[in-house]
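Shown next as structure tokens: one chain only, the form predicted on its own.
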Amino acid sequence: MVTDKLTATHQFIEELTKHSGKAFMSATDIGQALRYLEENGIPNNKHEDYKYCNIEAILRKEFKTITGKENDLSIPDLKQNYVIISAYNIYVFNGKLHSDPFDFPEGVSISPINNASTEYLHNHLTKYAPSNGDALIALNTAYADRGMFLHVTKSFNKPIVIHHINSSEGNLFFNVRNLFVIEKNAEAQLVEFHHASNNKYFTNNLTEISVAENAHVNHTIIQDAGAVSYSINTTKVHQQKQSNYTNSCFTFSGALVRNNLSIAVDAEFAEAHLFGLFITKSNQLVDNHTLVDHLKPNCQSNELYKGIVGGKSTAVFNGQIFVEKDAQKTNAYQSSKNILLSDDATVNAKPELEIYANDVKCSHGTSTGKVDENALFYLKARGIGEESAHKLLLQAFAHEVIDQLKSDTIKEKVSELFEQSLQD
């Protein structure tokens, strides 16, 4: 029976990955990843971390056969349709970096990940995302054949916007691997913008980020990839001494969006800040899993996720904070707040806190409910129509997350997408 299961798993994975090109991982990493896949299979609802997000069932139903063919776009097409003003724009098409012609200042270098320096791949790749903890990480490690390497050595005020665009004929499955290395004392605003598409595809994205000593990274992820897109987005961050990492994740569309964000706070006086806002409708499934692992003393983390859940959609938030025994003087806070717009909508929220140190300040909490009827009555009593009052309350709820964005340009774009989502 076990042999039959492994054979079926292997055949299914071969179908998913039959369009993959040459992998760039070491033979050792690929071998370990394949063994983990064979032993554990694709996650389904029997896996605790995926109990509300049955990846195997979705893949077998929607991507049982891979029939697609990748389209192509030229650099002028990309620049004409996808650009953020007052920013450095990078274009990634079907997971492949379009690297020419970019106009970047000294201190920023980019390349396809398989062309990255051997030194950086050796020092960082797979170090923060080992294959023995998650089958989707293992799948990415074994079969990723595309992605980008970003190296930042200086500080920049303008955001670096990475535009992710996918286009195909038929359905496709991509494994995309990225590596971002932010060097000592550097400061960067990184924005990953997943653009809408009418094509049906599944992306298994994995990004490893190294934040060196005294580096500051403001990382914004905007997910607006369309109603028939499916994506797994895993971000693994490693922080060094006195570093500061902020992640802001906004989800506005996608049939299935699963975000795995894991941060290792691995040196003294480091800070991690996590913000999230998601709006769901129809039959969407949006699943956010976060983990902040405090490994060293005198560090802090703060987390705020908010959801507006409507239609027959399902939203999941699972936030974990670990405070290891050596992480004394840790301050860690976590909050999940959700508004239900429909009786058919579902929210599964599970904040978790595990503390093994005795000198810490930590708290967590979650709340889920409908729009505040007292606040709605107050606005209506002052002559504001019910629809407008309802919208105002949702705007106030969301802007606590949106307003913390550092770039006015990005803040305006996120606000625009939020307003569009309320109208859809």
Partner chain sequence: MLFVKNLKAEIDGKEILKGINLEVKAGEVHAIMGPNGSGKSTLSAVLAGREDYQVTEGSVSFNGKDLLELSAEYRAREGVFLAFQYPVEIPGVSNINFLRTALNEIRKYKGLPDMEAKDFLALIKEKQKLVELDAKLTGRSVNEGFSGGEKKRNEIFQMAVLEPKLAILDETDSGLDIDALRIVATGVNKLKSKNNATIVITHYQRLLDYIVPDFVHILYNGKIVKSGGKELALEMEEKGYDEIKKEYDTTTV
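Numbering follows the first chain given and starts at 1. It should be emphasised that the depicted structure is a prediction, and the values quoted were computed from it without experimental measurement.
Another form, the form predicted together with its partner chain, is not on view; read the next lines as being about it.
- 379 is the sole member of 379, 57, 357, 371 with a non-hydrogen atom within 4.5 Å of its partner chain in the model of the complex.
- Its partner chain in the model of the complex comes within 4.5 Å of a heavy atom belonging to residue 396.
- Contact check for residue 386: a heavy atom falls within 4.5 Å of its partner chain in the model of the complex.
- Partner proximity in the model of the complex, defined as non-hydrogen atoms within 4.5 angstroms of its partner chain, places exactly one of 60 to 68, 36 to 44, 361 to 369, 387 to 395 at the interface: 387 to 395.
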